[in-house]
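Next up: a single chain in structure tokens, the form predicted on its own.
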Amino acid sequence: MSSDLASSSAFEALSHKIETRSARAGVIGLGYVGLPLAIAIARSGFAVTGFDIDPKKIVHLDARRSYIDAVASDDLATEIDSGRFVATTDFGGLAACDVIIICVPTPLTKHRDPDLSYVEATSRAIADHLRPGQLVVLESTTYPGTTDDVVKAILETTGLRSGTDFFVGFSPEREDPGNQHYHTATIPKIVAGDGTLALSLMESFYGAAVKTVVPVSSNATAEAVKLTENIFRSVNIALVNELKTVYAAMGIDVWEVIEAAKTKPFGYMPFYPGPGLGGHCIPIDPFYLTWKSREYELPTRFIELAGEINSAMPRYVIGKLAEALDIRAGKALSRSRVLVLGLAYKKNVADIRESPSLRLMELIEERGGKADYHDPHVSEIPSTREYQHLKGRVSVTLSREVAAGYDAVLVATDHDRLDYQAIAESAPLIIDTRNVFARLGLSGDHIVKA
């Protein structure tokens, strides 16, 4: 059979399965991206198998208990009970999947180089079960060229050919934990493919599961779209973080400046300072582009400077904490007990990935202080790559008496489920990195913005 006939046959068979919802989807990596995506696909009528190397996740899912805020346990149970969703650690099930979606981590090494080990290992696992008529999609954020140069290349070691025997595409994840206005099915989905047939399959498959599909010309373009979105946020957050330090030296409140500036109906978009960047995307993704740009001997000074500014924020906050303790309490940080409010990287979620709160706790204790935390969404610090020494610490029970017993309370994450009135009335010193007390109309000489 000629390659043209083979590609046509494979394409038509898979296209028909997608159109009739008889295709089975496999989602590899059942975390903050993979699980919501798997349930959205199942809800649209496809049978979905979720794969993960962590058996604890499978136990939770089999018991119909969701561990991701974006997926309600009742919704999970509905899809399991309907037979549309099943989870497993057995990657042998990939052979039965017509569409395979990779949703695995893409962290950085300690030298801030891309770590594609999860993507590579997953691609090799897929290659072990690859067959004609499958669509393989990468959703993990990465540098332009990864889908074609890494994933496709690994899959083609089987002797099968992309665009002829199987198809490859990229569609960047756009999850926003805690966002009540958008969810997986309503967030516009960027799609791309290795060739026109792959793109057509991508549009058809994702178009069945999400409201709006936005096709682009190549996988590399789609990869660049995701990086651009996150670099935009990183650079603008760095700008307001730098303005915060400059305006503070001048006695100017940066939050008041931003509130006034955002009344301009054109040419301005508000971004807000904080104690540092968190989440998987913004602290990490920009460095994927800075790494790739070296191949072209092009500097990315703007992006790298933003990373430096944002990375310096936890140390700036601890400096403000030490200064406030010295001036207002006459006590050194080395002899102080500090309660960090909020372990998650953003409000109203349980996600602690790359959270600056972990770095804040580490810095306090490096300077001889004692750091505890309270977070209504995170009862215990789990195992993390960089802060293994904090593993197992539990959230203290918060009360007026508890708050009063610390030398300072440091607000790192402004969760809504906190009684800020009680904290303002009981804590002897408050370091507010989120401007939450001013927003609520609470003030006092013991409340210091940082």
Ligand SMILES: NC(=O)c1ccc[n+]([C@@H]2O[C@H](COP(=O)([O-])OP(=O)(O)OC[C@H]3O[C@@H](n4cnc5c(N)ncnc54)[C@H](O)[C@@H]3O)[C@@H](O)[C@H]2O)c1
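Counting begins at 1, following the sequence as shown. Please read all numbers here as calculations on a predicted model, not as lab measurements.
If you look for the form predicted in complex with this ligand, you will not find it shown, but the lines that follow are about it.
Counting any non-hydrogen atom inside 4.5 Å, which residue from Thr184, Thr141, Thr290, Ser162 sits next to this ligand in the model of the complex? Going through each option in turn, the one that passes is Thr141.
This ligand isn't shown here, but in the model of the complex which of Thr106, Gln134, Asn310, Thr146 has a heavy atom within 4.5 Å of it? The residue in contact is Thr106.
Is Ser357 part of the interface with this ligand in the model of the complex - any heavy atom within 4.5 Å? Ser357 lies outside the contact set for this ligand.
Indicate whether this ligand has at least one heavy atom within 4.5 Å of a heavy atom of Lys189 in the model of the complex. No, Lys189 stays farther than 4.5 Å from this ligand in the model of the complex.
Any chance Pro177 has a heavy atom within 4.5 Å of this ligand in the model of the complex? Heavy-atom contact with this ligand at 4.5 Å: present for Pro177.
Contact label in the model of the complex: His415 to this ligand, heavy atom within 4.5 Å: His415: no contact with this ligand in the model of the complex.
Taking 4.5 angstroms as the heavy atom distance cut-off, pick the stretch from 75 to 83, 274 to 282, 251 to 259, 301 to 309 that is near this ligand in the model of the complex. Of the stretches listed, the one contacting the partner is 274 to 282.
At a 4.5 angstroms cut-off on non-hydrogen atoms, which residues of 345 to 365 are near this ligand in the model of the complex? List them in order. Contacting residue: only Arg353.
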